[in-house]
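Just one chain is shown here, as structure tokens, and it is the form predicted alone.
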Amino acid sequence: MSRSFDVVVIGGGPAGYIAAIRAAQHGLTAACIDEWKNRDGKNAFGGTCLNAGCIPSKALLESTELYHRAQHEFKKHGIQTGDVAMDVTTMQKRRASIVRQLTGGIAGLFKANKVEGLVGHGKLLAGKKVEFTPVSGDVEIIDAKHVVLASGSSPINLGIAPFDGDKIIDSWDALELEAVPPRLGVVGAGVIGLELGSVWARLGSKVTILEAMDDFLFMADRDVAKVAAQDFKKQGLDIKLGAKVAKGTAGKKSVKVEYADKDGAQTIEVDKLIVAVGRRPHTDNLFADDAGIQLDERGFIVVDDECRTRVKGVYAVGDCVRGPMLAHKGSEEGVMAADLIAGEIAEMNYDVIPSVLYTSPEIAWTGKTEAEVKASGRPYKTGSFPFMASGRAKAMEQTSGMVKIISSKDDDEILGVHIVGPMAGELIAEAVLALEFSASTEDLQRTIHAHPSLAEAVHEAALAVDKRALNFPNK
């Protein structure tokens, strides 16, 4: 006799496991199927984010940031450290330990919420049946009243520089390097490329980042991108824009990278080459041909604004559907899908999803860029405040960057907030809340912020929108 559940989720990443837990919180019977296997051969829930993306990269960024500060900043505080060295093996053990703790915690969350975690491959069949192929044991057909597809994404493998797991590597391999490569090449100056480049540059790698786009961080506000580019240059990251890679060839000891820029054909030699040109939705063997699921021209599962597929009772969330490939976006979609399945009213505000780069300085934004607002034709006003005028930032010895706010002229609504500087990833939360409630610039101006705090920079930027900044000259 086959098992049946109210909700079966295929995929145990941030979108999937959250959807399963939320469904169970509604009193629905829920199962979550996942087949992720780490390099040690052990299966784990958590998907790319917890195992090979968000969490391990932040662990390495934190370790290397402390190492960098000990080398270059501590003396300014009067701290004498002598020679500072990084034990890469210990650093990597710490990363792995954090990953194990968090992925292991999902099992505890499943138990607490009465979610059945199933280790193996899940495949949607016609009629909302799910074929479950366990790691060991016989194939089982599970009946489901509702199915949530949350299969995630995988790194794009360039045919001109294919992954070999040794010299030409993806973002996962780049997180698990056991030694610092003297020369590191990175294809792609997006979030992944900049974060990984920062990690290994701090440890001594000569990092060259090849970006095909002519604009640095094209998705960010231009003022923020300009400040960030200057900081990365000071840190030694050699970011080449308009550099289109033609071929990457791995030899016995190095990788030959051929690319073209405005000056013509170029060649560099690196010890390791990270290819970080984006990710693609992972839908391989996810559903049968007659399951009724439709893919768009880019391979994403077609869904409506509430993540419903064309098959009644089947939802898809996270990286395998349209929208930014962000863990928090996927998690909220998982919550929305579970709430809708339970008969609740639920929605997602895709206009205020925050984006964060955990480099130094951090970069974060929500809402529209100035270019987007300008293109819309809506009259607007802007204000900014530099961290160099922040007492808290000075005390932290982290004064690079600024907060920029864009608001409408007609009704004063805040349209976008862009931050480059210390703790930008934390500061952006206030901005997201402001946009979620359609706050005005005046609302933020009249909100009391603690002193001294980094958050005061957000307050001052709001004041600057109307030429009322109190701690920096208004332009």
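For every residue, the number given is its place in the sequence shown, counted from 1. Just so it is clear, the model here is predicted, and its values are computed rather than measured.
One more form of this protein should be noted, the form predicted in complex with a small molecule, which is absent from this view; the next part is about it.
- Arg279 is the sole member of Arg279, Lys129, Lys167, Arg392 with a non-hydrogen atom lying within 4.5 angstroms of the small molecule in the predicted bound form.
- In summary, among the residues Ile293, Ala201, Leu326, Val335, the only one with a non-hydrogen atom within 4.5 Å of the small molecule in the predicted bound form is Leu326.
- The three marked residues, Gly383, Gly416 and Asp466, fail to reach the small molecule in the predicted bound form, with no heavy atom of any inside 4.5 Å.
- Proximity to the small molecule in the predicted bound form, taken as heavy atoms within 4.5 Å, picks out 31 to 39 from the listed stretches 64 to 72, 405 to 413, 446 to 454, 31 to 39.
- The shortest heavy atom separation between His121 and the small molecule in the predicted bound form is within 4.5 Å.
- Under a 4.5 angstroms non-hydrogen atom cutoff, the small molecule in the predicted bound form lacks His26 among its neighbouring residues.
- At a distance threshold of 4.5 angstroms between non-hydrogen atoms, Thr208 is out of contact with the small molecule in the predicted bound form.
- Taking the partner from the other structure, the small molecule in the predicted bound form has a heavy atom within 4.5 Å of a heavy atom of Leu175.
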